[in-house]
Ligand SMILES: Cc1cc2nc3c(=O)[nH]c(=O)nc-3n(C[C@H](O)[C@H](O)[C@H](O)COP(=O)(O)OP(=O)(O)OC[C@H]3O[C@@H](n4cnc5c(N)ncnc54)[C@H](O)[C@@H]3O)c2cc1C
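Given as structure tokens, the chain that follows is alone and in the form predicted on its own.
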Amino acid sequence: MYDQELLQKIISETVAPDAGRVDHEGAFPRAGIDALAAAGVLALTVPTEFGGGGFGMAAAADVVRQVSAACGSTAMVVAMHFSATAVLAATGRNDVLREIGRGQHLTSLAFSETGSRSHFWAPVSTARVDGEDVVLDARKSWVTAAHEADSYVWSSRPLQADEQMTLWLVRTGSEGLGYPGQFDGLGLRGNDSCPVTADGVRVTPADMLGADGAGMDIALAAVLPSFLVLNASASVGLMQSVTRQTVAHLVGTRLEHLDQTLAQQLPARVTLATMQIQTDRTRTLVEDALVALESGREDAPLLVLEVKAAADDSAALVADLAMAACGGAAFRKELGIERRFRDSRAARVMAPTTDALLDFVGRALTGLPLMDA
């Protein structure tokens, strides 16, 4: 197993102490990301021959869960990096894998677009051949770590194939990339999730990830399982953290006129028990989905579709309950619950959204195509 003691050291000494500032300033968690990269955590899923850890999705999910308990913004950057790395590994982009293995490369996904919104499976951005190059034009709406990543796994319409999507490796700093805004959101304020535009960005045919038109198959096989499971794992980490914080507040706060702690009040204990049950239930679902994926169980695709939708709602519910159980104290910044409350709202609107996932599950159960063309 990877070095859990080192991971906890990074979280406790770097990620957690910086979480409040990252949220308050909307600052990218550079110190935490750099520490995780230097320790080999960002290379956890890179094959060993390229300097990585050679671990699978279960290890990545465990990292995201633990990081999320301290800082949701850092966890989301790591989750997107692992999801994009899965594509690089699946398509043999070995040069970038080596950079990640050396702790020198942060990657991310660039799928969602202004023209198709959260329907990531329907890119409207274009790719065309111009001499020996390929020219990309796009209006990407949300790219995590937009200003800070070293590359994006980028979707476009195919060059020639009669399919939905082709994937590319786009290095940040490429001429023609634009960043028309800064992220100033309700939650996950440090994840630098910003629009990115491409106006005549030139890449080479070798930067195509997989075959022309094969992007959807790659996305369904590599991106979707990683993103959904890791996003759900981040929600579990949030729920675990906010539940622990609620326990500490209830045990440590006294009603002097009754000479009792808040934990001695029945309504508070009932609320806390509901939070713990929701947290344990969601973690069990995520762990079962991971086992199903690793063992090739028949129900694995359905469970993967379920986990993010279930975790989205559970995280929001647990955060709501924490705010109620801790009362006015939860509204203050120093307790950290209101930050988790705001962070818990983000997962529902990340593509595929909760509503889209529920539709996917319904389609899978009834034998309909997962997505409309």
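What you see is a predicted model; the values in this text were computed from it and never measured. Heads up: residue numbers just count along the shown sequence, starting at 1.
Below, we turn to the form predicted in complex with the ligand, even though it does not appear here.
*Asks:* Only one of 95 to 103, 114 to 122, 254 to 262, 296 to 304 gets a heavy atom within 4.5 Å of the ligand in the model of the complex; which is it?
*Replies:* After filtering at 4.5 Å, what remains is 114 to 122.
*Asks:* In the model of the complex, does every one of 234, 282 and 315 come within 4.5 Å of the ligand, counting any heavy atom?
*Replies:* Per the other structure, none of 234, 282 and 315 touch the ligand.
*Asks:* Just to confirm, with a 4.5 Å cut-off on non-hydrogen atoms, which of 239, 80, 167, 229 contacts the ligand in the model of the complex?
*Replies:* Looking at 239, 80, 167, 229 one by one, just 80 meets the 4.5 Å heavy-atom criterion.
*Asks:* Could you spot which one of 193, 151, 243, 156 gets a heavy atom to within 4.5 Å of the ligand in the model of the complex?
*Replies:* Only one listed residue qualifies here, and that residue is 193.
*Asks:* Contact between residue 224 and the ligand in the model of the complex at 4.5 Å, heavy atoms?
*Replies:* Flag for residue 224 set to no.
*Asks:* Within 4.5 Å, heavy atoms only: does residue 350 come near the ligand in the model of the complex?
*Replies:* It does: once the ligand is placed as it appears in the model of the complex, residue 350 has a heavy atom within 4.5 Å of it.
*Asks:* Please tell me whether any heavy atom belonging to residue 355 falls inside 4.5 Å of a heavy atom of the ligand, as the geometry stands in the model of the complex.
*Replies:* Although the ligand is absent here, residue 355 would touch it in the model of the complex, with heavy atoms inside 4.5 Å.
*Asks:* So, in the model of the complex, is residue 108 in contact with the ligand at a 4.5 angstroms heavy atom limit?
*Replies:* Yes, contact at 4.5 Å.
*Asks:* Where, within 131 to 163, is there a heavy atom within 4.5 Å of the ligand in the model of the complex? Residue list please.
*Replies:* Result: 142, 143, 144.
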